[in-house]
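Starting off, we have a lone chain in the form predicted on its own, written out as structure tokens.
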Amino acid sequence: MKLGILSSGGDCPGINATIRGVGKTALNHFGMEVVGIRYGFQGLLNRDYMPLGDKELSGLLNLGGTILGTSREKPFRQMLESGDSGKLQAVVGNYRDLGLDCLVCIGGNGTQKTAYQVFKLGLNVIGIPKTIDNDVFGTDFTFGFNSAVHIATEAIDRLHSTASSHNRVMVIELMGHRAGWITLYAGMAGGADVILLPELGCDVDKVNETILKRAKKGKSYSIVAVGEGLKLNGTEGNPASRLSKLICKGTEIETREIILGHVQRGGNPSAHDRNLATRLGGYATEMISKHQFGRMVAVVGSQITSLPLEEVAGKTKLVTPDNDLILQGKRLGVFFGI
């Protein structure tokens, strides 16, 4: 058998470990041939690919980014919306000309949705969920998430000393689009006093009340972790900057904002993500050997399993108010915005 691998969407720690997990399992255990498709689905349209042998797959386990490159371009959506059947058939033709028996699609929500569209064209596809946001439906965790949480937690840890030295409020904005998983996990792990998630919303007056109550108890500083997708007064964008001004005005306590940004997506994967990526990649290759196509590999509990791409496509996994970390955080006195 011959399989192709592509990575699509935003980069994150662990993609290379997954490519290695798929490729080495395919080569060494199943005797398959492996090629890498460059720059996501665009590479499948343009026939931009590279062979992946033992040499190319060596040294990838701890390497950040992706050796195949990635792209947020959505050629399939554009083709489907425009009804460009010629390009769609070109994709099918390129897949067959390369002699592929399956295409492994490593990516987040958008990638899995596109993978399902490719599957509906009659091509064999397997999806592997990746994103620091941890918002892919159907899997408890995605690789990249643990690494991002470690980075964000370390940043919050470092803010405690400078905040206490100056008696300041520190507002740190963390990534996640409309999903607050990084903010929740890093906020709790880093001992944030206020954790504001896009899913729960925010009452700024209550945030200010919480910070003032802390000050009256002799707690001279506060750490506020905020998800980048949080809406303030009904609008999105720059929540840390806007919230910092509102807190300073409402409490008269010196406030600073920090936007951690793409640092959360860069660098080497954590040990947890290296092992998770290896397990997901190996399981995906085993599924290919059994001709189990049109499915996405997933983590459910402590087990690696899979589910149909049809059940995943177009869905997002968000934080719910009954999450155990939120419930325990409230028992500890953490304020969640409402």
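Residue numbers here begin at 1 and follow the sequence given. Being a predicted model, the structure only gives us computed values, none of them experimental.
There is another form of the same protein, the form predicted in complex with a small molecule; it is not shown, and what comes next is about it.
- For the chain shown alone, I132 is a contact residue for the small molecule in the predicted complex, at least one non-hydrogen atom being within 4.5 angstroms.
- The small molecule is not shown here, but in the predicted complex it comes within 4.5 Å of a heavy atom of E228.
- Although the partner is absent here, A192 lies well away from the small molecule in the predicted complex, with no heavy atom inside 4.5 Å.
- The shortest heavy atom separation between G144 and the small molecule in the predicted complex exceeds 4.5 Å.
- Interface residue among R265, R168, R214, K113 relative to the small molecule in the predicted complex, by the heavy atom within 4.5 Å criterion: R265.
- For the options M175, A152, I126, V207, the one in contact with the small molecule in the predicted complex, meaning a heavy atom within 4.5 Å, is M175.
- Residues placing heavy atoms within 4.5 Å of the small molecule in the predicted complex fall in a single listed stretch, namely 175-183, out of 197-205, 175-183, 93-101, 238-246.
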